[in-house]
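Form predicted on its own, single chain, as structure tokens, below.
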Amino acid sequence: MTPQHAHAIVIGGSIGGLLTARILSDYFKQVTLIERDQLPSTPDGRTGTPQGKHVHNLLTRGMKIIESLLPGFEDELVAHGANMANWGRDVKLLSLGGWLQSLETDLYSPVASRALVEWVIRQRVLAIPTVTIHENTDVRALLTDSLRETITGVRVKARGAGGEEQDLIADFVIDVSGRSSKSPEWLKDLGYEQPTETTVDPLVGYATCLYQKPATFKDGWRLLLMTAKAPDTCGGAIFEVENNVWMVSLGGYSGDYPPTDPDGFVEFARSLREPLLYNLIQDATPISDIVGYRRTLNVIHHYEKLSRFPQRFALLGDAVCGFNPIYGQGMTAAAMGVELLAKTFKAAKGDLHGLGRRFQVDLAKQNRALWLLSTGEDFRHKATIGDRPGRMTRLIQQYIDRVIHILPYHNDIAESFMQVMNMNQPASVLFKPSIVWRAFTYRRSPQTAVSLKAQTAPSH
């Protein structure tokens, strides 16, 4: 593909920003990334991703999108120590209805640290000759034409003493700078209204510690997920990331935050509704400090509703819609946003006029389904702060609850649920008549419950 335009600027050099730069390299002769951090040369964390030290789940849909943009991405992750997990065979999942049985699916995704995933993507994107990056650089303002209708670039300043402001001119600017985006303020300074916000805060906090995987561990799973079942507030996960390391994250809703001291961390694990995770880590060897994170509210900035929107400008990722990270949607949602951006540019056929607004409207529609999945789970907990969903949404969520409760009994339904969970299929697949019938007619007897627990309780 021959680029038609001269220069694009991407604000933010995280996973979403890097993938955006990859897409824009097809349409612009030069793409410049502006990143406020000094980027590590190895797969290490950075200041701008404080949540990066916790478990991150690149779902199947996200992996497929990244692989399509950067062929060989999966193989490169594996070459650097990541594990590929089959979501039926290699994932041990405790749902609201109990432990899911082992089954074969076509769903695979990498089990790796966020730092490794981002580093592999960064190495590939920055190898594109027309993509450059300005590290340690802050964006101070958006530049416009005299009528303040079209964004023409950004004003930047290098961090540190002696840094001078500089204007960078571009044909298109896109903000992928995450939850700390300054776009509302920048637009206000240019005379635009600020976007309204919708927030749902489940008061979630979590903490993570790295453990050396015990040599005696013989179970085959790579990923353990134990969800919280309201009114209980505690959940946990173990990801077997690169170098035979267990990344153990504990989370709590409604202000029930896991401690960051060693004894308190392990004791919190004891409070989970099943003892498996606690039993696994109580004698395991920790190899890191425990780190906490609490910036977990769901928030949408409704740019799609602005009465005026500047030309040649767009936003995606957490700069528009950030989800409670405990559900692992973030990286995949960003990849889906980039995929939608690619479709928008392709449909525009070189015409940038109105492209940004069209993209924001379509992105809002795409994010809506993901929002319902995330906040629907959050509203199980009564302390969650935010506008409760309407009656129809509540009915849908109540139905999904019934489906989740029968997952341990029906592998075909469990497989469909995993497809939805991995964003590989829409939630509508859970409304097939055969699933609806079983969801509304199943009655769990005490004898069945005991039998199922015996069949599906994981060994350790």
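Residues carry their position along the shown sequence, with the first being 1. These numbers come from a predicted model, not from an experiment.
Keep in mind the form predicted in complex with a small molecule is missing from the figure; the text below concerns it.
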item: Contact check for 17, 35 and 330 against the small molecule in the predicted complex, heavy atom at 4.5 Å; value: yes
item: Listed residue that, although the small molecule is not shown, lies within 4.5 Å of it in the predicted complex (heavy atoms), from 293, 73, 309, 257; value: 293
item: Listed residue that, although the small molecule is not shown, lies within 4.5 Å of it in the predicted complex (heavy atoms), from 360, 137, 384, 227; value: 137
item: Partner-proximal stretch of 331-339, 99-107, 83-91, 268-276 relative to the small molecule in the predicted complex, 4.5 angstroms, heavy atom; value: 331-339
item: Close approach of residue 55 to the small molecule in the predicted complex, 4.5 Å, heavy atom; value: yes
item: In the predicted complex, residue 397 touching the small molecule (heavy atom, 4.5 Å); value: no
item: 4.5 Å heavy atom contact, residue 378 to the small molecule in the predicted complex; value: no
item: Heavy atom of residue 176 within 4.5 Å of the small molecule in the predicted complex; value: yes
